[in-house]
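A lone chain, given as C-alpha cells: the form predicted alone.
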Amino acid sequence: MPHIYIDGRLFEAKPGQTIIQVAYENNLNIPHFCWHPELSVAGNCRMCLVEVGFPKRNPDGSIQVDADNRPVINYFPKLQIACATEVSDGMHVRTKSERAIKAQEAVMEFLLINHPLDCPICDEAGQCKLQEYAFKHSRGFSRFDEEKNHKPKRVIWGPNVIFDGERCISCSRCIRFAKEIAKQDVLTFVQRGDRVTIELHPGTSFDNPYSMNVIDICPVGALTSRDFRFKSRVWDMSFNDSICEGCARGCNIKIGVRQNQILRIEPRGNPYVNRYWMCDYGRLHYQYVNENRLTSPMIRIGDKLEKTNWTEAVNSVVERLKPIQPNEIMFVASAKATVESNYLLVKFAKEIIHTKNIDLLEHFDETFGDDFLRCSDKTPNLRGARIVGASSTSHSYRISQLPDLIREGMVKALYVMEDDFDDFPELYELLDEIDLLIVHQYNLNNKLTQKADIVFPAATYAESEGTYVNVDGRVQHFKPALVTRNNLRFMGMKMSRLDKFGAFNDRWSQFEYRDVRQSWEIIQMIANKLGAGWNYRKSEDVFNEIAQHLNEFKGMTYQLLDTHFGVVVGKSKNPDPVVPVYESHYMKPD
C-alpha cells in the first residue's frame, strides 16, 4: 500500500487512489468544485491545486535530510490538481502552503469574473459552495471592472429542472451525472471559451426519473427546482433527517420545512442504500402531508362525520367492539406504517381482542421499478410489517378472501391502519355491508375516510419516529420533521428559527399544530381502555421490546441504527462499517 504525507500527516492509501480521495476518506477537506466521489474526474475547475513533491535523493539513492534529520522534499515547479493526481509511495502534499492558497484565491477570482452578484434572489444562497469558498478561499475583491458576460437564463431543461447559464461555473457535474448515473446523455458544453454554456442536445429534454439530483450536486445556483423555486430561503427552514416512503428502497433524505409545511425533500448520503441520490418521485411525493389533513378524531353521526376529541373516539371504539365476536373482526395492517405501529397492532389483535385475523395490503407497480433505486413495491416497510407478524397466518383470514367474507357475514368489523383500498376498488362497494369500520388515516378526502364510522388522524412519516425495513432487509431509524401537538416538546430546537420564535402576530408563524398521533399511540389508548396496562412512552420503548422478542431485531437500538447507516436484519452483532459520507454544501471548519 502506498504511503502519502498530506500537510505533514502520514496516511495509507489504496493503489490507484487520487490525492483528493485519500484526503476525503480521512476527513481532510481540499477545496473543489467539479470533483464528486460518484462521478468521473473532469479536472476542469482547478480549485483543488496543491503542491506535490518527493524526497530528494543523494547520488547513492539514499534520502537527503536536513540539519534536523528531516527529509528534504523537492516539490514540482507546477501545482497539481488533487482530483486527478494518483498517489505514489512517499509522496508529500501541501494543501495549505502559500502557493496553494494563492492558487485558490486566483481560481476564485477567475470564477467570479462573470458570475452575477444575484445572491439576494438566488435559491442556492445559504448553501452555495461558491459563497462558502468566497468566504474561506478568496481575497474578497476582484480586479475585473468590465461588464460581465450575459448568458441564457431560466432555460427549462425538463419537467423539474431550470438552468441559469450566467451562474454556471462549468464544473460539468450535471453533464457527467446525466451520462454516467441517469444514463440520459443529453447535456453538453457549447461555445467553448468565455462564452461557454451548457445546452440540451437538439430535440431532447432532461426528463429522466432522477433528473433533480443535478440540483443537489450543482455547486452554485445554476440549476434550480421548478417545484421549490423561490418558496423560501434555506436559512429560514429546518432540515431534519428522515427516510423516503415512496418505495421499498428507503432512500435517506432531509426534509426541508417552513411554517410546518414540507417545502422540499433532498437526498442524504447513505453508502449502503441510495449513496447520494434519490428519484424525482420521492422528492415530489409530499403534498398529501401538507394538504387536506385530518386534524382531529371523527365519529359518524347519521350520514356525516363529526369532529370529536380523543377520549370520545376511543370510548366509541371500545363500546362498538364489545358486541362483535373476535373472529368477526379483521385487522388490516400497513406496509406504509412503521415497524413499531405494526408490532403493536398485531399485539393488540392477538392479546387484547384475541383474534388472528390480521393481514396487510401489497402495493406493487411493475412500471415504477427500475435497475437503479426505484422498487416496484411502492411501500416503505412491507418486509418489516411481515417480520412482526402483520400478514396472514394459516389460522387467519386473508385480504384476498375479504370480499367473500363480508358478503357471507363472517367479517362484521374492519380495523384499517394507515392504508386504503384504492388498488382494490371492489372493496369500497362492500364496506356498507359491515357493522363497524375503524380507520387510521392522514387525509380527509380519502375514500376510506368517507366510509368510516370512526376515524383517527394518524401522523405521517414526517411527523413520526420509528423504523422501516427496506427491500434489502436494512432496518433504518427516522425522526419527525414536522411539529404536532403531541411531539412539540420532542421537536424543540429541530424547528426552524422562524417557526419556533415567531410571535402570535407574525404572519410567517401562523400555522396549525395538527392534533395527530402515531398509530402505535392510538392503539395503546384503545388497548389500555380495554385493560391492557401498556406504558410505552415513546417509539423507542416499543422498538426495544421488539428487539428483545424478535430474533431479526436482536441487539438493535436506535443509536446503533443511526451510527451504522441502518443495520440488516439479523446482523446487529456485525453491522456494516462506518465510512465517510461526502457532503458538498456546508461550511467545513478547519
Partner chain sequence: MNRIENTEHQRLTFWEKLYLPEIAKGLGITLRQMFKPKFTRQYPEERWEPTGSYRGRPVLVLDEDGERCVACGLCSRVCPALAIEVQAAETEREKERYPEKFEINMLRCIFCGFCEEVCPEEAIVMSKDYELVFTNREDGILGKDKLLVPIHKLQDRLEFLREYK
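A quick note: this is a predicted structure, and the numbers were derived from the prediction, not measured. Positions refer to the first chain, counted from 1.
The following text describes the form predicted in complex with the partner chain, which does not appear among the structures shown.
Asp123 is the sole member of Glu245, Glu463, Glu418, Asp123 with a non-hydrogen atom within 4.5 Å of the partner chain in the predicted complex. Interface residue among Arg154, Lys102, Lys183, Arg195 relative to the partner chain in the predicted complex, by the heavy atom within 4.5 Å criterion: Arg154.
Taken together, Arg233, Arg258 and Leu498 are fully in contact with the partner chain in the predicted complex: each brings a heavy atom within 4.5 Å.
In the predicted complex, no heavy atom of His477 sits within 4.5 Å of the partner chain. Using a 4.5 Å cutoff between non-hydrogen atoms, Arg229 counts as a contact of the partner chain in the predicted complex. In the predicted complex, Phe424 stays away from the partner chain, with no heavy atom inside 4.5 Å. In the predicted complex, the partner chain stays beyond 4.5 Å of every heavy atom belonging to Asp453. Partner contact region in the predicted complex: 258-266, out of 481-489, 440-448, 293-301, 258-266, criterion any non-hydrogen atom within 4.5 Å of the partner chain. Contacts between 435-458 and the partner chain, taken as any heavy atom within 4.5 Å in the predicted complex, involve no residue at all.
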